[in-house]
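Listed next as structure tokens: two forms of one protein chain, kept apart as structure 1 and structure 2.
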Structure 1
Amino acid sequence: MILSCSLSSVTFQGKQILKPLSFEVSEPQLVGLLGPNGAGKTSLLRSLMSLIPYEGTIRIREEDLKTQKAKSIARAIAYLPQDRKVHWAINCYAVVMLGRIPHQPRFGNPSQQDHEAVKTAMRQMGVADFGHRPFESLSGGEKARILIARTLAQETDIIIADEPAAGLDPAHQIEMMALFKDLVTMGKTVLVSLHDLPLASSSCDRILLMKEGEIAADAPPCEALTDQLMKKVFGISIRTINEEGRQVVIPVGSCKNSSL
């Protein structure tokens, strides 16, 4: 088992933000986490990193997350949050090198392996020539690509990305998802929060569909992204097209003011 999650509750400031839910990942997959704003996607992802308190059990490779130290968790799971801020005035190479901290001794200098991991990650994201540029000088999309490179440089078996497509142009969104799919073929598991239904349906192996702090569906895209479920969860109608053997979901209208 790569990842096992069984939560009974997650609360914040006395309010329950996640209800009982469970899922498992037993083989490398690209898993899309979808749901409307406020459905609990970010809270679930932060729980999987032990960044917020939770009631229940989360296991990575059969090891209970609550028994692991932060550095051990960071060597197992790389987390890309929505927040794209870097709180130091450093260049892009140094930002990506931050992903190597879990692999370095305390107060140690980066090794040759660290530098190779950083260079490889930056090449993968098409930012190999950004190394000396100040991070704050970049556009939003460029910052996103640098931070994804930082996540890749961490070289973990599990990658969790919270809305990594936000701010990227369509070409880089497609390239990012293609990269995630390549990582799955290399034995990694990628759990990614998305709002783009066509991107999710065309790229993901599996969809976790969330509504009001619960999992409304856990299935392949063709079973999770149905017209009935899209009306129930998002209040929209959809149509599907076949693209290279996959069903791609396209939103076509809102049902929120109808009787559905």
Structure 2
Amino acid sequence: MILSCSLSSVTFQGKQILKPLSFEVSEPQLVGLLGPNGAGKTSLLRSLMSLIPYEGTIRIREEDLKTQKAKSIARAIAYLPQDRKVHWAINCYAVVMLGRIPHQPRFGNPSQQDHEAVKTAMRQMGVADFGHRPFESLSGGEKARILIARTLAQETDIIIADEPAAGLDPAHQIEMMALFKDLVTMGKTVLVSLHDLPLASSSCDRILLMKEGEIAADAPPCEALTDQLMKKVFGISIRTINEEGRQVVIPVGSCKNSSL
């Protein structure tokens, strides 16, 4: 088992934001986390990284996260945030090297192993020649590649990405999802929260659909992104088209006023 999550509750400022929910990931997958704003997607992702307190049990490779130190959790889960900001004018190599922090002692220069991991990650993301370039000089898509390389250098089994496609143009969004698929073929499990239904339905192996702090559906895209569930969860009507053997879901209108 790569990941098993069984939460009984997550509260924030006295308000319950996650209700009892559970799911498991037993093989490397691209898992899309979908749901309206405020459904609890980010809270679930933050719980999985132990960034917020939770009631319940989260296990990675059968190890309970609550019994582990932050550094060993960081060797199991990497995090790719929505914003692609790096403070200070650091070059790309140094940005990717930041992913090695959980593997490094408090003092001292990076080891040969660290340098190898960084170079491998940059090569795998197609940014091997970007080392000397200042991160700020890159385009949005290039920045995304460097930051994914950073999570890759962390050498974790699981990568959590919180709305990483936000602010990218469609070409780069598709490219990013393709990179995530590549990560799955490398043996990683990628949990990605998305708002884009076509992107999720065309790329993800599995969808966790969230509504009001609960999992409304946990299934492959063709079963989770149905007319009925989309009406229930998002209040929208959809159209489905077949594209290269996959069902791509396109939102076509709001049905908030209809009797659901």
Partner chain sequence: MTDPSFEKRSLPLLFMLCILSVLLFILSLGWGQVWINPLLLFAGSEDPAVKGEYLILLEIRLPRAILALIIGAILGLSGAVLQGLLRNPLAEPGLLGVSASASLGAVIALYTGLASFSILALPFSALVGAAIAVFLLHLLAGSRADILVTILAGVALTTLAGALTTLILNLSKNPFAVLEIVFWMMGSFADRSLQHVWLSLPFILIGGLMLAFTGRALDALSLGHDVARSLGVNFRRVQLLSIFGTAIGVGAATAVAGAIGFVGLIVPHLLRPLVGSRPSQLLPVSAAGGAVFLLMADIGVRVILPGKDLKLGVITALIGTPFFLWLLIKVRRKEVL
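Remember, predicted model here, so these are calculated numbers, not experimental data. In this text, the rigid core denotes the largest set of C-alpha atoms whose superposition between the two forms falls within 1.5 Å. Structure 1 provides the reference sequence; residues are numbered from 1 along it.
Engineer: Give me a 1 or a 2 for the form predicted together with the partner chain.
Structural biologist: The chain shown second - structure 2 - is the form that fits the description.
Engineer: Quick one: degrees of rotation for the smaller rigid part between structures 1 and 2, relative to the bigger part?
Structural biologist: 15 degrees, smaller rigid part against the larger.
Engineer: Keeping the rigid core superposed, can you check how far the CA atom of S111 moves between structures 1 and 2, in angstrom?
Structural biologist: That residue's C-alpha is offset by 2.7 Å.
Engineer: M122: how far does its C-alpha move between structures 1 and 2, core aligned, in angstrom?
Structural biologist: Displacement of the C-alpha, rigid core superposed: 4.4 Å.
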